[in-house]
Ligand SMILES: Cc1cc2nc3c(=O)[nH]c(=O)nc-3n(C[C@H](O)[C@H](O)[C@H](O)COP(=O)(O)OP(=O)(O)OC[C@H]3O[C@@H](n4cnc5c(N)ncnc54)[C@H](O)[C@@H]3O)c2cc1C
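Next up: a single chain in structure tokens, the form predicted on its own.
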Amino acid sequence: MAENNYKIVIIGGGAAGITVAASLLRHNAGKQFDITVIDPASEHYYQPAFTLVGGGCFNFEKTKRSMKSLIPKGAKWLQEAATNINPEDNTVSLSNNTDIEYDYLVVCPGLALDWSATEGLAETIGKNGVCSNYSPDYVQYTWECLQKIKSGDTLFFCQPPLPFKCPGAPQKIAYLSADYLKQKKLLESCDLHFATSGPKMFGLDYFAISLAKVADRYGIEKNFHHHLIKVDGDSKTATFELMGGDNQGEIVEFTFDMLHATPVQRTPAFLHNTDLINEAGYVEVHQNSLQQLKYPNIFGLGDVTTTPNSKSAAAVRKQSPTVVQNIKNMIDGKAVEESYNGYGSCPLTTSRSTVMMAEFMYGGVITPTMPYIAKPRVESKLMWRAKKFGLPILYWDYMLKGYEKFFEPKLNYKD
């Protein structure tokens, strides 16, 4: 290891990778770190806005910027894909058949969308009324489908088993769609379903109870324990397996006019050849320090890790300072800090003008940042403006620039 020239390699140029790179450089002005970001993509997307795009509330073009424009000054960008990690010799193999050495490695490549995991979905996504807000390739089609809904149509919004990123997104689009149909005076004549593999509307009862009331207000039928296993786009038929209750294992079919699908999501294949992962393919890290359990000079954050938190950009914002500080601590010969508490946030769009801001940490503890402005499970017009206008600014101009200080969530909140 060269003196005062620590090679830090970051796999992934998404929210996590760019934020960590920018924060490291901001801490040390680039004098001590030789930082390389590995990512083959030419464009970077602000994915939290995809739900709004699909609901017709946000301009798709404003969700993307070139990767080149976001790589922080002082870091290098290799526009290649990682093909393997070799932790014993501290190298990462790339798609151009070269290896790059590291002193410290940050693994945050995000999750891959596996359309083929649901029978028929890959063949019909983007047509036949089958849409998804989870991909920039299809998110605009969601809005196209919604605008074509007519009286008497049936709409399904499907949520698979966890883990997947932004767990609230499948029901966010359900509420945006319902409110749109209400405005068009079509809601009462249409049949809306929220089909979730889980037993309730949200993982935490604190929010699940309130969200059930939102669904009831729109007349959305709650199909619990329903796991989408097959889509026939030509016949517009959706097949579900019942995942619990008295009829567990039963297969049921419904016809639809519009179906919003959430694809199965997996960690990238290159991780599966390494011993960094658990049986499910996720990078094993300490849930508070984010240090890989076997190799101390490797850290992971974002959607690919085993941390039991909600997979979201908000979680990344709180994970990044932990990773950055711990890399600095290791360089300085200090102990790593166990400072990440599992914070995550899910701005639940309950209408085209209101948001229920769900914030929580490990153990399901409710941790609102600004409860004096809007209580956590109250639908707020101010939080809608924060979601639509404030959070994109926070993302592009603050988080991705490496700034870390922000209002701290309240850890002992009671309402």
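Counting begins at 1, following the sequence as shown. Remember, it's a predicted structure, so these values are computed and weren't measured experimentally.
As for the form predicted in complex with this ligand, it is not shown, yet the points below apply to it.
**Student:** With heavy atoms only and a cut-off of 4.5 Å, decide whether S320 touches this ligand in the predicted bound form.
**Tutor:** Contact with this ligand, no.
**Student:** Find out whether any non-hydrogen atom of A16 is located within 4.5 angstroms of this ligand in the predicted bound form, and reply yes or no.
**Tutor:** Residue-level check for A16: yes, a contact with this ligand.
**Student:** Taking 4.5 angstroms as the cut-off for heavy atoms, does S177 touch this ligand in the predicted bound form?
**Tutor:** Output for S177 is no: heavy atoms all beyond 4.5 Å of this ligand.
**Student:** Would you check, heavy atoms only and a 4.5 Å threshold, whether V316 touches this ligand in the predicted bound form?
**Tutor:** V316: contacts this ligand in the predicted bound form.
**Student:** Each of P160, F202 and T367 near this ligand in the predicted bound form, meaning some heavy atom within 4.5 Å?
**Tutor:** Heavy-atom distance to this ligand in the predicted bound form: none of the three under 4.5 Å.
**Student:** If contact means any heavy atom within 4.5 Å, which of 301 to 309, 216 to 224, 322 to 330, 285 to 293 contacts this ligand in the predicted bound form?
**Tutor:** That would be stretch 301 to 309.
**Student:** Though the partner is not shown here, which residues of 130 to 148 have a heavy atom within 4.5 Å of this ligand in the predicted bound form?
**Tutor:** Heavy-atom contacts within 4.5 Å come from N133, Y134.
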